[in-house]
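One chain follows as structure tokens, the form predicted alone.
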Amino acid sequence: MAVAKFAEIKEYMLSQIEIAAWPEHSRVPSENELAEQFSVSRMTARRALQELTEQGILYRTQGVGSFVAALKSQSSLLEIRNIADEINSRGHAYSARLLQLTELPCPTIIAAALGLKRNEPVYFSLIVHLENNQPLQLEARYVSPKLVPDYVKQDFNQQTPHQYLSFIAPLTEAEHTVEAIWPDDFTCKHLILKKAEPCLRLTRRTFSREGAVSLAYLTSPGSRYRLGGHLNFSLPSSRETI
């Protein structure tokens, strides 16, 4: 029974976060409050809070309580941001050029990443993101039709895939890798590179509570784009050592 109640508590807390009833950095119910609400022991409630904290969904402040964490990739703590918001925050104009939006037979490597079968349908979009009319990023994205059935019906000249997916299938987890590459002719053409120059490629797989949602390859010229972030580290308490 305790295991069933523990799962019920986690499910409830995740649902509250997903519908934004508990926004980022808001305090969540305490062990005592959860124990009373679900008629379980404090140990069962504590386990739910502890595992959500270990997964990066919550964070704890000693003596204060547990809070909803900002959504970040667990692999490297880089915040997942919408590229349109990034560009607009610099006071620049964002626009997009949609090159392809279709359904394809799923390649083997994509099937493995998205939990699909080889050659079953997968959605694919190819978009150039522009900053002040200059190509900044080429986005190639595969999306699970099972989790996002209306993806190919969207107008991605009006909204980014990130915006749409965050609304339809709220992200609970992400993983990514970053690598330097030499672009092929196709990439050079659409990023308007007069000659091949090193590019930064971010490969990102995102998940909702239902499973893997999308796999995206985001390629930008090294001369026009950089990755950065700000990390906060809590100071050790008087009983901790560095």
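Remember, predicted model here, so these are calculated numbers, not experimental data. Here, rigid core means the biggest group of C-alpha atoms that superpose within 1.5 Å across both forms. Position 1 is the first residue in the sequence shown; the rest follow in order.
The form predicted together with the DNA exists for this protein as well; it is not shown, and the discussion that follows is about that form.
Remark: residue 63 counts among the residues lining the DNA in the model of the complex, judged by a heavy atom distance of 4.5 Å or less. Although the partner is absent from this view, residue 50 contacts the DNA in the model of the complex, with a non-hydrogen atom inside 4.5 angstroms. Although the partner is absent here, residue 177 sits far enough away that none of its heavy atoms falls within 4.5 Å of the DNA in the model of the complex. Contact annotation: residue 44 falls within 4.5 Å of the DNA in the model of the complex, judged by heavy atom distances. Contact with the DNA in the model of the complex, judged as any non-hydrogen atom within 4.5 angstroms, is confined among 35-43, 180-188, 195-203, 213-221 to 35-43. With the core held fixed between this form and the one not shown, residue 190 has its Cα displaced by under 2 Å. Relative to the superposed core, residue 54 undergoes a Cα shift of 2 Å or more between this form and the one not shown. When the rigid core is held fixed, the Cα atom of residue 180 travels less than 2 angstroms between this form and the one not shown.
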